[in-house]
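Okay, so here's just one chain, in structure tokens, the form predicted on its own.
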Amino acid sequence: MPDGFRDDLFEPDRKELGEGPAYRFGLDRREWVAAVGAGLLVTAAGKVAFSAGSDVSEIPPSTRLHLGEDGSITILTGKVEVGQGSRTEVAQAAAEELRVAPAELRVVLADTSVTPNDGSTAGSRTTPSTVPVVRRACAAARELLLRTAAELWGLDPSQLEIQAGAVVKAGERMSYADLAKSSRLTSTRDDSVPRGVPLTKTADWAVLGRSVPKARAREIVTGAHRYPSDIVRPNMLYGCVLRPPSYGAELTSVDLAPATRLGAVAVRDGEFVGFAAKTSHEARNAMTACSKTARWQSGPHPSSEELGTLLKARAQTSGSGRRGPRRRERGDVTAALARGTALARSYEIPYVQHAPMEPRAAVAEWAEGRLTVWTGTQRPFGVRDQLAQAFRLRPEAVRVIVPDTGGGFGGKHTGEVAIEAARLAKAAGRPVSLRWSREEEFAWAYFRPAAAFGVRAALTGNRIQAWDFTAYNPGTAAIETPYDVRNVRTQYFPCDAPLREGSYRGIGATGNNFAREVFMDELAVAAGADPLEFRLENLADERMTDVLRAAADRFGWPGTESFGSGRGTGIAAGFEKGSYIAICAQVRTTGDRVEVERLVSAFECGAILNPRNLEAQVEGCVIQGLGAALTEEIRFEGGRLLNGSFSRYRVPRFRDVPPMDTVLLDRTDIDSAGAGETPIIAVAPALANAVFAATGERLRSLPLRLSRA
């Protein structure tokens, strides 16, 4: 492996994480003295810990599990719930090891003053990373409870069992609540907690592996649940922020007097200009009045019509480090390309927006120099740190609480709305709620990167002899081919992009897999082979083979596969984040319109923790992929967004969802991986390949548009 090249470098996708806080505000003299007098602060990651007896609010944030004297069981994790089912999954994992029903547990998520720091809720990491940690903590707690009961009864632990939240022996039981009151347990030091307790084997699962209803589903359906945008604090104001008229515009002057005459709080701090009032309407009236006085300086900005050419022209061809160009090669690609039948193609994808149902929202409140923010984010501890940087506070002086949030899709990693709400609350001396409008969410949240691709390959018969893949700007997730090729060159070039960009569901894999899987179909045509059989012949990965065969069998491949008839089928597959997806699609074309008639997905992510939730994750991911494949693209010109609303940026509606069939492969011999991202990566190429089968027209850019009317 070349120097400076590591496996983890192939994911510079999360570009938003390199931005730092959205603002860094000025200090007055008193704040400056406090900041420089804070001294050295050293923090350490929280460890797996167990606590009994004390109140949950008083336990340290390293604690993973709390057992109350009333028998209540609380599981704590820094992960968030954005609709993907993490709250339910964590409850199942804990219930499995504690031998209780999930409904008997309380799960506390994402409160930086209470929960452990489990990192971002991103990259499908909750299942493979956090769930095992929760299980180990609960298994250790179960063993400790068993040993404590054995001591109290004067028996060997092997003579006892744990059933339904109690330690039992013949004719007697000692509940967890009884044990929580024991001095032996409440005085237990952390170093006496059992280590290395075996987890329940997959074959013995009684809670995991089963479909458990989603936690808090009733509150969500009935409207009782309070999302971040629903949080209300006493004496609260509502805020809004003055935004630039175009990308890259810089504020030169603004008069805040019109806002103060309207009774609003108005503040300018560097590039930040915000307003707070008793209602959102009054705050926006104040902002509108001041916007008429604002003067901006702006420069030229490119158009979305020239994206592919622009990205290649702006490719960073030199430099080093995590954000520099990447190259990996094995074998002799140049020689192999010269020997076989060569094919070369180019592909493009546009910017797309995450478009969550709940735009960014935050409520901020200051008290005695400490800041509390309720917000919707996938990175509670990252946002806490951004707030601390923006206001020059110690991290422990900032508390971020994340109520279950209305969608994220990788788009809520940054804390700009939290920082804005906090700045307004500081100026007002009262709590402030700030909710971005839909237009703000479209224009000022970051986008999935636009990208361009160049792919070359050489064939000998049905076998790929050389593979040369170059990607400009998408990120590097799933950039390496999963196919069995001896001579491979993979290159990635980051670009000086015209819009703010960052993580998206599946991150760079959505673009990389689109280019690869459409090109695989083009190679199959060049070889005169069936697209499915061509893939199978060039695969050595058993798991990829299995999902392809499962999808094809359920679909009845090839089904309707005819050129020029207006109806066709396509197939695509992919691997990312420890899981595998294959999709078969059937489409019908009329003029320039593509109608999806049927989709069959086969998905495998190791051992299945909750079949119903997994199926929902796969199908939701596929539906989101329909939008990115068929209708979604961000258009801009002159530094302005041209389609920043749901009326002009079309996401899938209910009527757009075709009949869907999902095959779940349960590999109980493989550790569980996440499912929130991988299914999306096969949607667009499967549809593009089906369109080719229907029309003979090869579409190499997204969204898919037929040239004939």
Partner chain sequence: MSTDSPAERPLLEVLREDFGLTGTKYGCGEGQCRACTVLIDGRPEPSCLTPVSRAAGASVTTIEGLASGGDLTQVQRAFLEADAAQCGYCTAGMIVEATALLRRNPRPSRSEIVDSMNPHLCRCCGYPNILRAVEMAARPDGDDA
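Not measured: the values here are computed from a predicted model. Numbering follows the first chain given and starts at 1.
The form predicted in complex with its partner chain exists for this protein as well; it is not shown, and the discussion that follows is about that form.
Heavy atoms within 4.5 Å of its partner chain in the predicted bound form belong, among the stretches 363-371, 309-317, 140-148, 210-218, to residues of 210-218.
The single contact residue among Thr115, Gln386, Asn487, Gln353, judged by any heavy atom lying within 4.5 Å of its partner chain in the predicted bound form, is Gln353. In summary, among the residues Ser175, Ser246, Ser120, Ser437, the only one with a non-hydrogen atom within 4.5 Å of its partner chain in the predicted bound form is Ser437.
Remark: all three candidate residues (Arg284, Gln617 and Val651) come within 4.5 Å of its partner chain in the predicted bound form, counting heavy atoms only. With a 4.5 Å cutoff on heavy atoms, Leu642 does not count as touching its partner chain in the predicted bound form; it lies far away. By the criterion of a heavy atom within 4.5 Å, Thr222 is counted among the residues contacting its partner chain in the predicted bound form. Within 4.5 Å of some heavy atom of its partner chain in the predicted bound form lies at least one heavy atom of Pro359. In the predicted bound form, at least one heavy atom of Tyr227 sits within 4.5 Å of its partner chain. Residues from 74-99 that approach its partner chain in the predicted bound form with a non-hydrogen atom closer than or equal to 4.5 Å are Val82, Gly83, in the order they occur in the chain.
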